[in-house]
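Single chain ahead, written as structure tokens, the form predicted alone.
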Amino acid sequence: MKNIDAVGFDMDYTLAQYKPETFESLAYEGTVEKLVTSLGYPREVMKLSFDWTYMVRGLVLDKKRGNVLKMDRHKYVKVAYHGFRLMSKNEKVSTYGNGFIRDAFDGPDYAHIDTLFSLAEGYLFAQLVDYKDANPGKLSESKDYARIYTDVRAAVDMCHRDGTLKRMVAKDPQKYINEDNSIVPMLKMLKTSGHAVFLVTNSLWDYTNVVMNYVFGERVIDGSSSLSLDWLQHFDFIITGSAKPGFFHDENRANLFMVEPDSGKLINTDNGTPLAQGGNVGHLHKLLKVGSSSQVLYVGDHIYGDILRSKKILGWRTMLVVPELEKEVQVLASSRDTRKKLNLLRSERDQIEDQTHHLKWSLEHDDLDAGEKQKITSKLDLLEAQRARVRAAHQESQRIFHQKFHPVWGQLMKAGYQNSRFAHQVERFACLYTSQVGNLGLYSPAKYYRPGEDFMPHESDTLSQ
């Protein structure tokens, strides 16, 4: 960190952690209302309800087939649902595992649930898939699964464009935003240690001002009351309405405007300003006066909009905020015995299968008399019965273990024994990751964050003995 000259932050779901049970429910209700009033969906869709705990990040929506997928880092589909119906192993394999060319799960036929903002739309998509299947003829023929997703996405955008969500949050921030008393000390520590501190958010100035007033201590405010500008002191530069990820492309020729804080009016500027709207990363680098991209650390919650682009395109250092980590770590810490049991059962399965294969080979290729063949056959029968028992015990133990994390999707960072697609993205694009942004203040502003050593399978097996 002593080589970092500037530390930047996103706002939504980074400095401002929203409460999913209220904020995502608000987004869900607004989206359903738009589907019915603006996009021609049946009124009975309004009866649908939202379970904010169901969806998790890292899932992929198959828009064409109406499926919700969880996959590992190699893009093998481990869990698949059609709407809310669990797909059988045969269905899953025939749909996603039979081609000569592996599906990349990118492009227009797929959508990724990579932000906490996406949970409500993913859940509503699954609900409407089930609704279409159960009610033939109630949706027009043009509304196939892909069109349903397009409509849900359009309805979400309508809620953001007309200000529905942000008006409700501004009216009662306490209902929608978590309190976090660690942020101010963390920012003060960074500034006093000589780091430039900046904010880059896609939210516009008026909403940013309301949210930051709440985050920085004005905990009981009304959207119509006068707002303090005291929070500005914690930042050297603030850019609102940044339109990330396009902001990270220097060739993006978006104009930079100075924001007049009291009125919110914009004034065009060529030379940059501490409080700005629009622009691109070239403007920001001039403001920060950094000599190298690697001297900038950016903290955000969006793997694509914040982390991937800023690291791949610019070479910034990156830190991903993953609130789900707190539960993951707690479950892992309380499940050490379960994990040991799983490893022992897996090892026992492997040993039995190895013995079985050797015996079958002997039966087929060795010159054995009838008595020897009978002995091997009897031993194989015992091994097969033992293998079935161990396999059943292993699968049940693994199911219970994963359900401790989430009853449907299991551990966020794992898909079976492999890292999940989400974990793979975190490994590739986040220099650091943490459960909440205030954790940065728990360590020295000059700390050297060192990665753990990477191990190949032959190394880890040897070192664990």
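Heads up: residue numbers just count along the shown sequence, starting at 1. Quick caveat: nothing in here was measured; it's all calculated off a predicted structure.
Another form exists, predicted in complex with a small molecule; not displayed. Remarks below refer to it.
- In the predicted bound form, at least one heavy atom of residue 301 sits within 4.5 Å of a heavy atom of the small molecule.
- Taking the partner from the other structure, the small molecule in the predicted bound form has a heavy atom within 4.5 Å of a heavy atom of residue 166.
- Contact annotation: residue 230 falls outside 4.5 Å of the small molecule in the predicted bound form, judged by heavy atom distances.
- By the criterion of a heavy atom within 4.5 Å, residue 156 is counted among the residues contacting the small molecule in the predicted bound form.
- Of the candidate stretches 339-347, 352-360, 198-206, 132-140, only 198-206 contains residues with a heavy atom within 4.5 Å of the small molecule in the predicted bound form.
- In summary, among the residues 244, 92, 285, 387, the only one with a non-hydrogen atom within 4.5 Å of the small molecule in the predicted bound form is 244.
- Think of it this way: in the predicted bound form, the small molecule has a heavy atom of just one of 117, 110, 76, 235 within 4.5 Å, and the residue is 117.
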